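Only one chain is shown below, in structure tokens, and it's the form predicted alone.
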């Protein structure tokens, strides 16, 4: 494929399979979730959030390219935080607390659904076992995240006013950060997936990641 065709194939996967079309997300944005459903989503999505640094560390461990490792390393810090910046995991815990959940219970995994754990663990294992350019390509769901985050933030403000504004730091930060991250990941994918086979596997990797996110929501949606 030409680079233009490759990019078009990647975008087509997201447009068709990203989880913004999932019925649970549609109901969320329409303000149709009960408080218990919102809390179930927050608890289970936290397992995904806290697993992202492990996924990124797996990519780094497989990558022999110093320049790529240096570019990718910030993602772990972005989620785990550092002195002066608490990071995405902490921001998600504040969301959980704003929804009325106990921090200790969320950290202990209370309410974590087996289907969610299976899907997220499969994603971490994928990053650990696939060639690093293919694993990087799986993160390209970030290309579609900013619009989703903006819609989610607006929906929570409009429909779930029992959640305080202070709990929305994660949503606000990802509206801009996801654009930066997706541009970075896309540049690496276009550069390093430079054979027909790697391009094919990159497209399949993105499709797999969409399936992971969709399966996560399936488990949450069907748990009622």
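Numbering follows the first chain given and starts at 1. Remember, predicted model here, so these are calculated numbers, not experimental data.
Here the subject shifts to the form predicted together with a further copy of the same chain, a form of this protein not shown in this document.
Can you pick the one in 27, 69, 191, 157 that has a heavy atom within 4.5 Å of a further copy of the same chain in the predicted bound form?
Partner contact (heavy atom, 4.5 Å) among the options: 69.
Of these, 93, 120, 145, 135, which has a heavy atom no more than 4.5 Å from a further copy of the same chain in the predicted bound form?
After the contact test, the surviving option is 93.
Can residue 62 be called a contact residue for a further copy of the same chain in the predicted bound form at 4.5 Å between heavy atoms?
Within the cut-off, so yes.
Answer with yes or no whether residue 105 is in contact with a further copy of the same chain in the predicted bound form, where contact means some heavy atom within 4.5 Å.
Output for residue 105 is no: heavy atoms all beyond 4.5 Å of a further copy of the same chain.
Is residue 81 close to a further copy of the same chain in the predicted bound form, meaning a heavy atom pair under 4.5 Å apart or at it?
Yes, contact at 4.5 Å.
Quick one: does residue 152 come within 4.5 Å of a further copy of the same chain in the predicted bound form, counting heavy atoms only?
No.
Work out which of the listed stretches, 52-60, 33-41, 181-189, 163-171, brings a heavy atom within 4.5 angstroms of a further copy of the same chain in the predicted bound form.
Of the options given, it is 52-60.
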